[in-house]
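Just the one chain here, laid out as structure tokens, in the form predicted alone.
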């Protein structure tokens, strides 16, 4: 088992008001799954993803990663876990605009102590893996939205994480480009046995995974394997 959550609750306090974002969520994810977490805006899906990625901690409940209880981790150990175990892909790409695609991809490796030569080699290979071998030294402002998201995927992959976490990864893209991005995720999942968890509000994009978790009002209302899976046509042009 890669990760396991038991009765997770997350409460936010906004002045006199308390908001229960997650209410007793329990789930487990195995190595090699491609999980889509689907729900409407405000359903709690992004909060759940943030807790999975240790960007936030639950108010109550237990979260184990490879058997280790995350609640017992120090801040330093949590930071190490985020750096080593997870690769993050966000809707808004979060690239540094003044440096090249290659240097953006190298950033996680700086914190891991890789040499400049190792960083360069690994970043170039990651960009090749997502079809950007001809855009390696381009800056984000010289790239389309889909190409920028590929850079973000390469950055997430470069450290060989145990888990890729994607928060609405096609949300800022047109449908054709979104299909291309999902094709990259599917190829990486299948060829590398990579574990992917994506959050989406789009049922069509959710069906690119192998398992669907539906969340509403902070509770899981459905968890099933995807039998009518959509296979994207990956276009690396």
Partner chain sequence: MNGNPLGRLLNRLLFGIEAAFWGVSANKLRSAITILGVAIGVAAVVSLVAIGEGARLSIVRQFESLGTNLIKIESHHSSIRLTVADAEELTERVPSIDAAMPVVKADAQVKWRRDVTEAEIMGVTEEFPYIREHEVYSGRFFSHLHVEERIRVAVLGYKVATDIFGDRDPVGQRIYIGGEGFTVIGVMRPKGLGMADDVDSKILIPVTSAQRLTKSYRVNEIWVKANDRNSVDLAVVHISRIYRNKFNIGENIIPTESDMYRYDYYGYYETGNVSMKSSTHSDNLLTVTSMNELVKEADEANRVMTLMLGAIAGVSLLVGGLGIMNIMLVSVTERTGEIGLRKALGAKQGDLMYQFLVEAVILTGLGVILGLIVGNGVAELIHRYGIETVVTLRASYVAVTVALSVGVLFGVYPAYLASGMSPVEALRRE
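None of the values given here were measured: they were computed from a predicted structure. Residue numbers count along the first chain shown, from 1.
Heads up, the form predicted in complex with the partner chain isn't pictured, but that's what we're talking about next.
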Within 4.5 Å, heavy atoms only: does residue 73 come near the partner chain in the predicted bound form? no
Residue-level question: is residue 141 within 4.5 Å of the partner chain in the predicted bound form, judged on heavy atoms? no
I'd like to know whether residue 56 contacts the partner chain in the predicted bound form, with contact meaning heavy atoms within 4.5 angstroms. yes
Although the partner chain is absent from this view, report whether residue 119 comes within 4.5 Å of it in the predicted bound form, heavy atoms only. yes
Site check 83, 94 and 155: each within 4.5 Å of the partner chain in the predicted bound form by heavy atom: yes
Could you spot which one of 195, 50, 43, 186 gets a heavy atom to within 4.5 Å of the partner chain in the predicted bound form? 50
Looking at the partner chain in the predicted bound form, which residues in 96 to 114 have at least one heavy atom within 4.5 Å of it? 96, 98, 99, 103, 107, 108, 110, 111, 112, 113, 114
